[in-house]
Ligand SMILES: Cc1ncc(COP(=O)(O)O)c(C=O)c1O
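As structure tokens, one chain now follows by itself in the form predicted on its own.
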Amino acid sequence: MNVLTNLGTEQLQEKDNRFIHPWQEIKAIGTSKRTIIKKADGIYLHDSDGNRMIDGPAGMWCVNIGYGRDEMADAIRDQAMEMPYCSPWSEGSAPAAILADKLAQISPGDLNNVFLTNSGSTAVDSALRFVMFYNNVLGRPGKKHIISRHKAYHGSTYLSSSAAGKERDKSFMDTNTELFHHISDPKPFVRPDGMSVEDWLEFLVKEFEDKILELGADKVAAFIGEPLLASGGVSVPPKGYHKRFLDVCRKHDVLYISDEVVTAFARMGHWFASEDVYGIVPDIITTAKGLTSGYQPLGAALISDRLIEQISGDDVADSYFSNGFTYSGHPVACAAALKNIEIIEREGILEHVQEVAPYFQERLRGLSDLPIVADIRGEGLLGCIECDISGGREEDLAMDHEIGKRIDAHCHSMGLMLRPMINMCVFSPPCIITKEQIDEMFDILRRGIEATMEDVRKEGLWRG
């Protein structure tokens, strides 16, 4: 059944070089030697050489219930055998219908309308297209501008990548720069020297409102923000930020899109973080990743009743939301999502995260004594350690990449898979992780950082 079972690592890496991976360095095509993962169970990955590693990033922030779930495989197989596909244009399926109803039940407020997509990128893209469609139907064709943030990540379709604010990701790539605007990364670590966190919050709120007024409230359609900027380095805004931003949106008739592709489905100890963690009910929530825990590709945009009511009924123009995908509401993916939600409920994974997350954060912050650690931040089962060997005196991108690569290599050899992001180590382990496994993970990370410190001292690179 598995035609690659008998191939060795070098043979697999050679074949893997035919696969243009996401964020592929083009000049390295054909020469990469990626770790080949052949097996996974619980929170662990096993590579093609038989090494076992803790999966620190849970795949791509997504394997929330962990690997090796027989009942997930059974649910996927059973649905594929019973009815693998029907057209979402003209037909409905039981898995998609039941999933949409379930998502409406567990979502905040009146977000009861579910648009099913293939991924987080297409969920965000669909949400942005809906906002533009919504204003067209209401006779406001000029109200199209979107405000996002520097360091934000919202996807890799044209619209979602335009909303993203990671500048280096846009090198050599085209995005829409006329309708999309970016304000400050909200993490307190980047605030000016001498500024309090409270004053930083006031600056951020004023900057946001000033941007709306600069563009014209009649032209600004929406603000889109992750509850915390995950791929931006787990950037946690100051307390009260989300409520203040929502208040500004309400004041100026700007929609609030909460991008919960990473933070939903147990990552923060709740189905969704917007209301239960940050106290807001947005107009639209986008989600994916933990929706199926990575067992199948699926995303969703949840839209409030208020918005739907404004553009439906007899008093508005006839219109079609001409957006969708061949695999929207794919029955097999929806069956996986339903089983995933069932497992989270039955096993009390939300409650488990609420119990272990404080310990996760305690162990994370316990690494602050290491001299090259410049900042530590996180919430729930999300965390980031940002390192610096220049003593904060200069920015050296090449050296930042080097330090991340070295920490990653040391940890990898000790049994921990990281997600190095330049000079940052980012964590979002499977939500089933135990306190003992948290200890194992951060013990390895400490040793990996210490080994890197020894490297840079020996090579004369340490300037701290």
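Predicted, not measured: the structure shown is a model, and the values here were computed from it. Residue numbers here begin at 1 and follow the sequence given.
Keep in mind that the form predicted in complex with this ligand is missing from the display, and what follows is about it.
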query: Partner proximity in the model of the complex: residue 328 to this ligand, non-hydrogen atom cutoff 4.5 Å; finding: no
query: In the model of the complex, residue 135 touching this ligand (heavy atom, 4.5 Å); finding: no
query: Exercise: residue 124 in contact with this ligand in the model of the complex, heavy atom 4.5 Å; finding: yes
query: Contact of residue 119 with this ligand in the model of the complex (heavy atom, 4.5 Å); finding: yes
query: 153, 130, 295, 223 - the one with a heavy atom within 4.5 Å of this ligand in the model of the complex; finding: 153
query: Contact residue in the model of the complex, from 262, 387, 254, 384 (heavy atom within 4.5 Å of this ligand); finding: 262
query: Segment assignment from 350-358, 173-181, 153-161, 270-278: heavy atom within 4.5 Å of this ligand in the model of the complex; finding: 153-161
query: Partner contacts for 268-307, taking this ligand in the model of the complex and a 4.5 Å heavy atom cut-off; finding: 289
